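Only one chain is included here, represented as structure tokens and corresponding to the form predicted on its own.
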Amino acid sequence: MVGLSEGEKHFIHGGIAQDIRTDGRRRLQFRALSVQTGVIPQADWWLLVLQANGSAHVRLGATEIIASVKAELGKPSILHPDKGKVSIFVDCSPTAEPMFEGRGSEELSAELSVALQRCLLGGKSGAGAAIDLSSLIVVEGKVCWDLYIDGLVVSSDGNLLDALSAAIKVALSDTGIPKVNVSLSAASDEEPEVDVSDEEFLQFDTSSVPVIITLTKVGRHYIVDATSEEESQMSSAVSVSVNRHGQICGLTKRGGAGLDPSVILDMISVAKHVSQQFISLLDSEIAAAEAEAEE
């Protein structure tokens, strides 16, 4: 919990009202963004994800995230034989923030995981999923790819959900899915034989993967990319998942204060506009990171 004096609170509210935030940004301006791809092989301290198929390290201001993607062959569910499966897990490092120690970390990790699944994976049926689950099918009803996406909050200074979604998008762009050769037997009820290549990989298509834009309401105004101090003064926040085509893929709200429907519609409209700028910035950072990795 951020402890602020009355003077500091007044300074934050006054700056936002005048469109000059405490760090010099305007209300709809993001902090500096930096991106690295393929970071997991270097990060031998994170043992659980050493075999990742894709990974990314994203900094948004002083908020720092590492994301990884692991692909494993599995079996589609009976209810959805034409879709693969994606699971998203978030872990908040106790070194990132004192409040992350003990149950505080568990509760926030669960909250962030649920919000990411809601914004990226749609409903339980997979309808509305921003990640194309049908692209993960190898043999319908028998073999599919299961993607395990892990996000680690290394450093926290607000706007964790947006930073996590950006890191996941970057990690997915770095993900190579092994090519699979399938030998189908004559008997349809038998399990097919699969041969997984360790040399040929298919690049995961991230064209439809959205970013999350959180609009945080402080006083009468709302801002993007709020710092921890700004979040401590919010009445509510709306997070909107938007893809590069401007389509809304998901929405979630937090904070106790209610919002008028007209305000929510305006926030969605602003989020759609801001998302295109952020996606363009993220695309540029991904391209620069990939070029650097090839050198």
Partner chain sequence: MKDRHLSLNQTQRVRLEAALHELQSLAPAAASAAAVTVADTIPVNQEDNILKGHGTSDQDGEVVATLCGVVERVNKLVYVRTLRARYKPEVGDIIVGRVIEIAPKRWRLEINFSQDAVLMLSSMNLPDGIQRRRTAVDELNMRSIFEENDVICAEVRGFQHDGSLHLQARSEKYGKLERGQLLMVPPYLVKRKKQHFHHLEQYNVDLILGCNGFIWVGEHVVVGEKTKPTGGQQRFSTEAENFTPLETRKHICRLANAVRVLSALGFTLTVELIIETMEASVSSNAEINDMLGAEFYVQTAEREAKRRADLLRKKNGAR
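Keep in mind that this is a model prediction, so the values were computed, not measured. Positions refer to the first chain, counted from 1.
FYI, the form predicted in complex with its partner chain isn't displayed, but the following is about it.
J.: Decide if the three candidate residues A17, T22 and R25 all line its partner chain in the predicted bound form, where lining means a heavy atom within 4.5 Å.
T.: Yes: each residue has a heavy atom within 4.5 Å of the partner.
J.: Out of the stretches listed (231-239, 244-252, 262-270, 55-63), which one is close to its partner chain in the predicted bound form, meaning heavy atoms within 4.5 Å?
T.: That would be stretch 55-63.
J.: How about S105 - does it come within 4.5 Å of its partner chain in the predicted bound form, if we only consider non-hydrogen atoms?
T.: Contact with its partner chain, no.
J.: Any chance E8 has a heavy atom within 4.5 Å of its partner chain in the predicted bound form?
T.: Although its partner chain is absent here, E8 would touch it in the predicted bound form, with heavy atoms inside 4.5 Å.
J.: Might S113 be said to contact its partner chain in the predicted bound form, defining contact as any heavy atom within 4.5 Å?
T.: The answer is no: S113 has no heavy atom within 4.5 Å of its partner chain.
J.: Is S155 close enough to its partner chain in the predicted bound form to count, meaning some heavy atom within 4.5 Å?
T.: Result yes; S155 sits at the interface with its partner chain in the predicted bound form.
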